[in-house]
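Coming up is one lone chain in structure tokens, specifically the form predicted on its own.
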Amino acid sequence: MRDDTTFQRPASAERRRGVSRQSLATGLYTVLRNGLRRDELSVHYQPRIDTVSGRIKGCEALVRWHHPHLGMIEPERFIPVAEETGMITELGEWVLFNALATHRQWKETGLKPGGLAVNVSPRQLLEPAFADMVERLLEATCVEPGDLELEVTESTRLDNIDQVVNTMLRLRDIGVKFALDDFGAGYASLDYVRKLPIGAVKIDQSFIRNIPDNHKDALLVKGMVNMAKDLGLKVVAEGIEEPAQLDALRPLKCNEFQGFLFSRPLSGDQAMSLLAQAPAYAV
């Protein structure tokens, strides 16, 4: 009985919000099938900060859905629905194209936006045409492959890892970078680090959240950072919201910081204004 009750909680929570997973799926399907003309979806950008200079090193592209009746729907609610229904392929391509086009626009105005990080689903990586799609969009937007970093969500199981590795290697050969997102919180962190051709790890924010007060989390983060460095991987600490978290991370010598403490995700125009200011953060 206890297990049944726990299993049913997410669905009950959705009902209390007045929306079911089926409603989310139907709504997202309608948006995508209308060619996104309803302007419900948008891409926001959260800066990533270099831990040495304090300057913006790049931005992560994050999709947002503003429903006309339900208001802002958080990605953690609709991205799993997109995964389950297979709509993640179309949604992912739309996000990538818009992010690349925006990145090109920033460069054309004389800005130096650094790298562009875009999340990709393992399901996308299993699509036979995924690498072709990425190459096509890079060419269409005139963005250098070396400016793009695709973040693979580590919390999602990779069923056919050999096929995923082949796809990643093909894109890496033209210059595209890869990072392992949600590092430490997923199914097989060490196995993925060993097998996937990645150049960076992003430490899951669940560890960062409690690092000032939780000795175990602090030791785990230190161990993850040291291991990644020994493997020659870049380390990004994400989800930094409080000065105490930043203070605890400073001695670990991560490569980049990301979180609300520096900036919330911004619209394309807001991000462009911030890049023009070229702020130097205290890191």
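Since we're looking at a predicted model, the values are computed, not measured. When you see a residue number, it is the position in the sequence shown, counting from 1.
Absent from the display: the form predicted in complex with a small molecule. The rest refers to it.
At least one heavy atom of N119 is located within 4.5 Å of the small molecule in the predicted bound form. The small molecule in the predicted bound form comes within 4.5 Å of no heavy atom belonging to D173. Contact check for H66: every heavy atom lies farther than 4.5 Å from the small molecule in the predicted bound form. Contact between E241 and the small molecule in the predicted bound form is found at the 4.5 Å heavy atom cutoff.
Of the residues given (D159, E76, D213, E108), E76 alone sits with a heavy atom within 4.5 Å of the small molecule in the predicted bound form. With the partner omitted here, the residue from C254, L233, L62, A248 that has a non-hydrogen atom within 4.5 angstroms of the small molecule in the predicted bound form is L62. Residues within 4.5 angstroms of the small molecule in the predicted bound form, judged by any non-hydrogen atom, belong to 68-76 and to none of the other stretches in 68-76, 192-200, 139-147, 126-134.
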